[in-house]
Ligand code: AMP
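Below, in structure tokens: the form predicted alone, a single chain.
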Amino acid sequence: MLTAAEATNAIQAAMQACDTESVSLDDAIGRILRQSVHAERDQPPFDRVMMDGIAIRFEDFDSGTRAFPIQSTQHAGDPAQTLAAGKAIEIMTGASLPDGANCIVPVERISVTDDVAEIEADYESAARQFIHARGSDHSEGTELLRPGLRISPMDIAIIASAGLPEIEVSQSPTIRVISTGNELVAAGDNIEPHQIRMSNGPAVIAMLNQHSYTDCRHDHIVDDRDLLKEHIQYHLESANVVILSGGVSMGKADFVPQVLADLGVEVVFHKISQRPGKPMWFGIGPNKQAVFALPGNPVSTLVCCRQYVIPALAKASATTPKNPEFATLTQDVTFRPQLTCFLPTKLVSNAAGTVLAMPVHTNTSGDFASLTGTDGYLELELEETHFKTGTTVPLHRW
């Protein structure tokens, strides 16, 4: 039985890298960047005016001139004009600085009469005032984005500014989620007293979507060996990643491990020394598909999905790893030895900015209602059994 760390390493080592594809900017949000993005031009590409007002020569102002005949008007997007000595150009925010001008006076500090702009008598100015210098943000050719990041709206702006209508990204993995069990009934269908609602599959799909993995479909298969084999084989042929929920323990109806073996899926490990989620199974299909068989109890399913499946998909997509996070316990925690404990938690911050963890104890690994309002879970290592208030431990956000 592997430790949680060993299971993570085994999964990461077995994952196959996703191919790349070119997508338009409209389709790039949430995708993993697979190329560098360099600045097309200096930014800003010209001395940019930062205020509506007038553009003047500071030397004229410094010599005592306060009334400036308006030579012309220049809007954002207009070619730069040339300013004559002793005059002003009416200027708009975002315009390029007129040639010969080196000072902007805001419109709020001037009055205009008969096309003459007069600056307030007590106004103080300075050379290069309200001018965003060319190249002061970055210069042409600067690497703005590196491969491995998940593209955000801010990154879309950067890619567009680099003049790229398309961008290379990781192909989205094709994922199939399978719920197993005779007792499961979908929401909206009639349910008998001895049955339960099917919640794991929809929750796993939602978690995948939350992490921007959207090519997902869900299937429900009853505990019938032949049906399991037929459906799983179909999904193995159409997906890069197959995620099963239930059927991996030691019961007579837990057919999943044997069915997977019959289909040529090679087991990498079965069982992890952790709570919840000890029965988890992982293997690699005949065409290098990643197959995750998660325990059926809802808390176990969600923890295992977040702890192992999401990082595995990130690795396959060539996502740059995030820095680890930590939180400080607000109460003592004691648990069974020799098992890594994944403990749901709510988070708050104190005045010093420390992230504080308030553990949420579930009644059982089936008590998924207790997870509402939690921010993630804490990782309490198997080498210890008692963690005192104030102890800092690893944090995993959902």
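This is a predicted model, so every value here is computed, not measured. The numbering used is simple: start at 1 and walk along the sequence shown.
What follows is about the form predicted together with adenosine monophosphate, which we do not show.
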{"property": "The single option of I191, L144, I156, M198 touching adenosine monophosphate in the predicted bound form, heavy atom within 4.5 Å", "result": "M198"}
{"property": "Contact assignment for adenosine monophosphate in the predicted bound form, among E90, D254, D137, E168, heavy atom within 4.5 Å", "result": "D254"}
{"property": "In the predicted bound form, P98 touching adenosine monophosphate (heavy atom, 4.5 Å)", "result": "no"}
{"property": "Adenosine monophosphate contact at S179 in the predicted bound form, heavy atom, 4.5 Å", "result": "yes"}
{"property": "Adenosine monophosphate contact at Q129 in the predicted bound form, heavy atom, 4.5 Å", "result": "no"}
{"property": "P298, heavy atom within 4.5 angstroms of adenosine monophosphate in the predicted bound form", "result": "yes"}
{"property": "Adenosine monophosphate in the predicted bound form reached by all of E230, S238 and Q289, non-hydrogen atom within 4.5 Å", "result": "no"}
{"property": "Interface segment, criterion being heavy atoms within 4.5 Å of adenosine monophosphate in the predicted bound form, picked from 182 to 190, 110 to 118, 81 to 89, 322 to 330", "result": "182 to 190"}
